[in-house]
Each structure stands twice: as structure tokens, then as C-alpha cells.
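To begin, one chain is listed below as C-alpha cells, in the form predicted alone.
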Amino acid sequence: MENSAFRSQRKWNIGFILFLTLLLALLSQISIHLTLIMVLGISLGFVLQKSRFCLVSALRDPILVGMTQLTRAFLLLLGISILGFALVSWSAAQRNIPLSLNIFPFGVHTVVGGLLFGIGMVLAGGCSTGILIRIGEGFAMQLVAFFGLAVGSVLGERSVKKWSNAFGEWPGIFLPDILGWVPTLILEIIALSALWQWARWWQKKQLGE
């Protein structure tokens, strides 16, 4: 039975690879740019699916089960992103290339939206990425969560101005404008390192390692 299932899965995998190859070959005749974007998207999806990375697990597991592997992976991801962003910004400044950054304001709507999104992630069993991964794996019930995510996103986008008008908002803070790039980078790396060490200590404490 297992060999039969393995052969069936292998046929599906071969068929899917051939389909993607044909699709990319056809797309390359239309636009190399779109082809590269699709290759990048497929590669990212493959890595995310195999790594089982999910934001809700990174924030939920330390509280529910005491596991912090994904939490530390998330902190590492933030650290790499910060270094990469700083490198790009520094390179742009060296070449006198202007950067247009979106520094969004925050207010009551930010807190309410974060709480609603967090509750929704826990109830759905996954963040946006986790839901898309499970849909790709064939979990049909995650389509319900994806529908709720889409509806909630539209309602949030349409109502954000009403929230800001009713409760007000504060301008976004961009630390490099206040402290400079080097102090900000040092401060952020120290903070992430401290959180990483705390997450490691927390798992040892909860699991008695």
C-alpha cells in the first residue's frame, strides 16, 4: 500500500514539475521579468513549505508549549533583514540614489488591528503565509480562513481613515532619522540578541532541558 501511494505521489510530482517547466518556458516568451518573478515566488514557496515557518507558531508556541525554535528563527530573520536593509540604504546613499520610504503613522487602529489579526491567526491555526501553504497542501478548510483574511483586509483598508479621524494618530518613528544609522543598527542587533537569548532560556525553563 505504501509503495503504491509513493508511486502515485511520484507521478504527481513529475507531472507538476513538467507543468511548471512548460509554463515557465511559455512565460519566458512573453516576459523574462515575469518569469524571474515567478521563479522567485516558487522558490520562496518551496522554502516556506519545507521549513514550516509560520508567524503564529513563532508567537504562540512559547506560551502554549514552551517551544521557541520558530521564535528564534523569526528573530534571526529580522536580524538578517535589518542588516540587508541597512546595506541597501548605505549603498543608495553612497551612490546618491534617493530612497522613498513608507513610514506609516500609528494609533488606536494599529493596536485594535494587531489584536484582531493575532486572534484570527490563533483561531485559524496559521498566519497569512501558513494559510497559503496549507491551501497549497490541499487543506480545503483553510480556504475559509483565507476568505476571512481577504474580507478583513478589505474592511480594514476601507475603514482605516474613519478610525484615524475618530481617535487620531501619531506620526511614524524612523530611528535612523533620530539616532543615525550606526547607533540604530547596534541598538536593534542588541535588542534582537537579548530576545534570542531570552527565548532560548524560556524553552530550557519550560521543558526542563
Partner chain sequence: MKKTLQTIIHGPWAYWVGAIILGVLNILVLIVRRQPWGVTLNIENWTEWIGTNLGILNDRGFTFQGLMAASGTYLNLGLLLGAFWATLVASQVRFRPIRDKKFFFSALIGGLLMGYGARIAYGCNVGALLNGIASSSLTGWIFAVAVFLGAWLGSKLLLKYLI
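All figures in this text were calculated on a predicted structure; none of them were measured in a lab. Positions refer to the first chain, counted from 1. Under this definition, the rigid core comprises the largest set of C-alpha atoms superposing within 1.5 Å between the forms.
The next section is about a form of this same protein that is not shown, the form predicted in complex with its partner chain.
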How about residue 88: is it within 4.5 Å of its partner chain in the predicted bound form, going by heavy atoms?
yes
Decide whether residue 29 counts as a contact residue for its partner chain in the predicted bound form under a heavy atom distance cut-off of 4.5 Å.
no
May I ask you to check whether residue 94 falls inside a 4.5 Å heavy atom distance of its partner chain in the predicted bound form?
no
Its partner chain contact at residue 45 in the predicted bound form, heavy atom, 4.5 Å:
yes
Are there residues in 143-163 with a heavy atom within 4.5 Å of its partner chain in the predicted bound form, and which are they, in order?
144, 145, 146, 147, 148, 149, 150, 151, 152, 153, 154, 155, 156, 157, 158, 159, 160, 163
After the core is matched up, is the C-alpha of residue 159 off by 2 Å or more between the shown form and the other one?
no
Residue 144 C-alpha relocation of at least 2 Å between the shown form and the other one, rigid core basis
no
With the core lined up, does the C-alpha of residue 51 move 2 Å or more between the shown form and the other one?
no
